Structure formats: C-alpha cells, structure tokens
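One chain comes next, on its own, written out as structure tokens in the form predicted on its own.
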Amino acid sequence: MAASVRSASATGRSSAVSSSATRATRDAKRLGGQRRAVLALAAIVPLLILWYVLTSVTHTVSPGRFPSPHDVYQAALQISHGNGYAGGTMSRQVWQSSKLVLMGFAVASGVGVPLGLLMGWSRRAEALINPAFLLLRPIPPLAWIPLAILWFGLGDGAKIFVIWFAAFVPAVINSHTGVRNLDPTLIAAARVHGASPPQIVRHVLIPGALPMIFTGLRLSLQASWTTLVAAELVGAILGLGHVLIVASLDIYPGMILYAMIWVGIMGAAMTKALGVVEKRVIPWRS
C-alpha cells in the first residue's frame, strides 16, 4: 500500500514537472515572438522616418524618382474608392493576383513534390526523368511567356502556367533532396520488419522528407509571387502586376510603390500561413 502511495506521489510530481516544463517552453516561445516583433519594429520604424525626411522634409529625393508617404497615401485613396485604378479597386486586384498565385502554387506542389519523391526513391525513375528536368531547370519562367500565350491564350491559364513553372523547380529539388538525405538504416529497418514499399513510402519516406519538402514549398511560394508581375504581362486586365505595369506607363511612382507594398504583404501573409501548416504537420520541428 505504501509503495502504491509512493508511486502515485512520484507520478503526480512527474506530471507536475512535465506540465511546468510545457508552460515554461510555451512562455519562452511567446517571449521570443515578442522580442522578434520588437526587433522588427526597431528595424522598420527608422526606415520609415528616413523615408519621410528625405522625401517630404528635406526633398533630397525628388517625387519623380521615389514617392513620398503622402504620394503613396493618395494612391491608396485613389485605388480604394470608386472604380479604383487599372480596372478595379485594390481588393479586386489583390484577389485576382492571390488566386493566380495559389492556383499556380497548388499545381506546382501537386506535381513537383510527388515527382521529387519518386526521383529520390527510385534510381530508375531518376535516370529517366532527371535528364529532361536538368534541361528545363535553367530556363527562366519569362522565357515561357510566348509559348504560354500560344498554348493557353491570353486568359488565366497562361499566367498560371508561368507561375507553375517558377514554383515547380524548387518543389522537385527539395523533395528529391529530402528523400536522399534520409538515413538508409531507417529504410533497411522498415524492410527487416516486413514493411511493404507503400508502407515505407507512407511511414518512413514522406515523414523523413517533410522538413525539406516544406522548405521547397516556401521557396516555391516565394517564387510564385516574384514571378507574378511577369505572369500578368500576359494580357492581364486585373491584378497587382497589372497595376504595376499601368502605373509605370503612367509614370505614377506612388501607385507603383503601393502595389509593391501589397505584393510584399500578401507574400509574407501566405508564407506565414504555410509556416502554421508546417507546425501542425511536423510539430516536432517547431
């Protein structure tokens, strides 16, 4: 009876220690996030002040070369009300660009990740696919615009294709690298215990490669946004890239910078959302 009481007491103490450690870890992460936010503000605020001083106070930088905060504010007002600018309000422009980026990214991920896993898992598949991939890999996404127009016309299909190609390459390379970096003894141990090839892929290959897969997905998402402006050269009537093109023709620096800010905001927001998904899928890495 005394032994049982001591065991229960020890278990209670262990649970309390574990709970305290969990709380301490959670508090440390929250404090770390707050410190990062403070450092980010400490880096951004001086740049904003310097921008205001150089463009609005001392006029060291002329409005024709770089817009002042007031110019950007006026551009924001113009595109946010009435008919907006370049065919629509900012909400419509952001939605159109986000839709294209997400569709191109989804197709690239759905094709590139399985292809990279296959090439990493099978030497025969790599020998068959890799020569063609090595030929396509150096071609910049911009070079595909003429063919994209011929194949898909001037609609969204051509734009999605250009974004897809930009996002496809990082997804393949990192998925392939993730499989190749796996410890071979893990796969050998799974085979010794009677795991079938599908079970090895599901329970060893994919979980082991997930960190590199998500690294590739982040790079793919960033490539999608950096290719957006080029993709929207293909007969676009809406989108952030279209706003940038029209504003450059109108020599409208305030609108150019405002559209660039929105590209940065949406790219950062989507990357943050992907990071949340990554923490849920592979919590042991967070």
Partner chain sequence: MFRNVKRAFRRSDQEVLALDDVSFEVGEKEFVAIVGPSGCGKTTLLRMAAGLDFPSAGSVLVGAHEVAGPGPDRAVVFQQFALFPWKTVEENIGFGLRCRGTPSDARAAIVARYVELMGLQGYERAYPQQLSGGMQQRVAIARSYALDPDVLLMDEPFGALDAQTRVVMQEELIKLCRVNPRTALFITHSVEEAVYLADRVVVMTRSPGRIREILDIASVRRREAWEKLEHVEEVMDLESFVHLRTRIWRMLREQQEGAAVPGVPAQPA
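Note that the structure is a prediction, hence the values are computed from the model and not measured. Residue numbers count along the first chain shown, from 1.
Absent from the display: the form predicted together with the partner chain. The rest refers to it.
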| query | finding |
| --- | --- |
| Position in contact with the partner chain when the complex is considered in the predicted complex, options Val94, Ala195, Ile173, Leu118, heavy atoms within 4.5 Å | Ala195 |
| Sole residue of Leu77, Leu154, Val111, Leu186 within 4.5 Å of the partner chain in the predicted complex, by heavy atom | Leu186 |
| Residue stretch of 159-167, 83-91, 212-220, 187-195 approaching the partner chain in the predicted complex, non-hydrogen atom distance within 4.5 Å | 187-195 |
| is_contact(Arg180, the partner chain) in the predicted complex, heavy atom dist at most 4.5 Å | no |
| Met103, heavy atom within 4.5 angstroms of the partner chain in the predicted complex | no |
| 4.5 Å heavy atom contact, Val72 to the partner chain in the predicted complex | no |
| Val204: touches the partner chain in the predicted complex, heavy atom cutoff 4.5 angstroms | yes |
